[in-house]
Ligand code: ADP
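Just one chain follows, in the form predicted on its own, and it is written as structure tokens.
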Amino acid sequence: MEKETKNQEQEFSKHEKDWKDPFKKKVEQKPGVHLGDKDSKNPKKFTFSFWYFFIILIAFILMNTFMASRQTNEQAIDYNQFKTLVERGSIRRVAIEEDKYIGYNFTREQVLANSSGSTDFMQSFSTYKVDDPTFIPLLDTHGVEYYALAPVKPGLLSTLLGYLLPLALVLVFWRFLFSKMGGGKGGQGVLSFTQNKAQVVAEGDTGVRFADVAGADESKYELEEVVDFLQNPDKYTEIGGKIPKGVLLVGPPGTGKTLLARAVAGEAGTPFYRMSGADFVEMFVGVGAARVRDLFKQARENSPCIIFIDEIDAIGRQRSAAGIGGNDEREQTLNQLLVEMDGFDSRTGVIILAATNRPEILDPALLRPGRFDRQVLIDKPDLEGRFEILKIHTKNIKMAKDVDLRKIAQASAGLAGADLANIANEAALLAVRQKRKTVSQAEFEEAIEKSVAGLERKSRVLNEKERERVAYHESGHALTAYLTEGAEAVNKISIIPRGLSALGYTLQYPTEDRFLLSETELLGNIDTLMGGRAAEEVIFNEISTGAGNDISRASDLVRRMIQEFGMSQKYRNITLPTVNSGIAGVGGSRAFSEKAQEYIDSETARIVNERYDIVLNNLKKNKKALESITKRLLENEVIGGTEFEALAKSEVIV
């Protein structure tokens, strides 16, 4: 027994400190977890809610109603009926209140004599008080007991509910409303419009590294220098070098500008302030400038860090010298941004990244050295870049053995990284829809068509006459492309409607990435566009509205050849540009004479009609091949590139 007691004392002394001060232990905190987060060792801090007050108010009202309720079963009747019951002897006792009479069918003696406690025989009636001088004599005549009741004074609880609680309700609601308008802790309410809306992303929270970005190797190399400066600033300051204050990411939509900025933050492991240009601008003048000041103040306090402004053209648009079409709030915000970028030293460790797809409209003061010192172009990826991007977006997709990503990359020429990500996702969804366990090459090809031509609409049923015309139209495009030098190879012909207005389509995939087009190749593209209408005229001896889009694209291409590329007889090697007016909502003005405009119009018509005649003659010469391809298209609705080439090769007359 003594041995057992001794062991208990040792056990007690072993844990005595912990029992005396259980909260003295140091709390081990993981990165990114704050002491205010949920923890089983830390009691939750009580926070008042408006709903608590509402529930308490309802409880008080119910309690007051219960306490004030009468435990009687009064039956409300008319005054005349009340007098009749008195005359019949059904009412033996009457209580006279301030505004009504209450009649009982029992006397006081009967209640006192009822030792059993039963209330079954008790019944009461009530009616509103009427100024009738015959009522009291009536009670005396029939021997009815009557007595008066003094008015009931409200109690303390009723007074509180009547006066103090409504006032408290108004005060609590007012406080609740202002807390919402002010935004609360970290919120963005109406009254907090001058506060910065930047999202602070802690170290590693972006979840993106340079390995997750493909198709922009040169851009990554430029940004790796920024990351290296944030991690090893002494290497640059010792030699006297300065890192660029700002880096502007320029490129078409969907090329990965925002993704690269997130990758820079992820690689550098620094705080990442992310804002959109539209976040600075509000209806109140001066709010945008205040937000810019607040943003840079936060950045200096948390340096080294990265400020990323997406779509900077929302506030960085070129300022108008005449003030026409200007916006004072936007210009004040831009002025404050220019001042802040000039007012801090890059050695403080604050780097500004910005992204835009419209660099031509940015203010020159924003682009000068000392603000955005470096511009990084992020263009649409080439063939190898598209292949690498597809590998990233398909690494978690179960693919069949027949999938050739390089062929998919070749078929998706001209598409950006966001388009390729969408194609990979659409292919997976199509495979699930067809109840397949893996994604095949057919799903990827269908996803590309869906991205380029639109959603397939088999529900749009054409009559036989229209269906035949559409088939000849698409066959004309394909056959003209086969016959024309410089035209791209045909990959697919279809008469299944897609998108909003396409009743059929002809897909042409380039065999390689092209950055320059010769005059012969441009004319070949024009011929291909005119092939659909020419085929209709060859077969039906009339034209239709189906070539409206083809004519528009062909005319625009010819005008560009004349105005931009200097490919005309009269103005060869001379550009005829259109100058932007710089005023929102107002179109551009030409920088050439009316006579030159007349020449552009006449030359456009001449070239288009000349190419149309060439295409028309070629299709007339190969009418048999046109009919053969159309017949196969009407039977199968879709012809692949290999099948089309075999048909054309066997039927075409060179």
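The numbering used is simple: start at 1 and walk along the sequence shown. Computed from a prediction, not measured in an experiment: that's the story for all the values here.
Absent from the display: the form predicted together with adenosine-5'-diphosphate (ADP). The rest refers to it.
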{"property": "Location of adenosine-5'-diphosphate (ADP) contact in the predicted bound form, chosen stretch of 416-424, 469-477, 517-525, 396-404 [non-hydrogen atom, 4.5 Å]", "result": "416-424"}
{"property": "Of D212, E74, E564, E224, the one that lies within 4.5 Å of adenosine-5'-diphosphate (ADP) in the predicted bound form (heavy atoms)", "result": "D212"}
{"property": "Contact residue in the predicted bound form, chosen from P233, G269, G370, P252 - any heavy atom within 4.5 Å of adenosine-5'-diphosphate (ADP)", "result": "P252"}
{"property": "Contact test in the predicted bound form: I389 vs adenosine-5'-diphosphate (ADP), heavy atoms, 4.5 Å", "result": "yes"}
{"property": "Contact flag, G256 vs adenosine-5'-diphosphate (ADP) in the predicted bound form, heavy atom cut 4.5 Å", "result": "yes"}
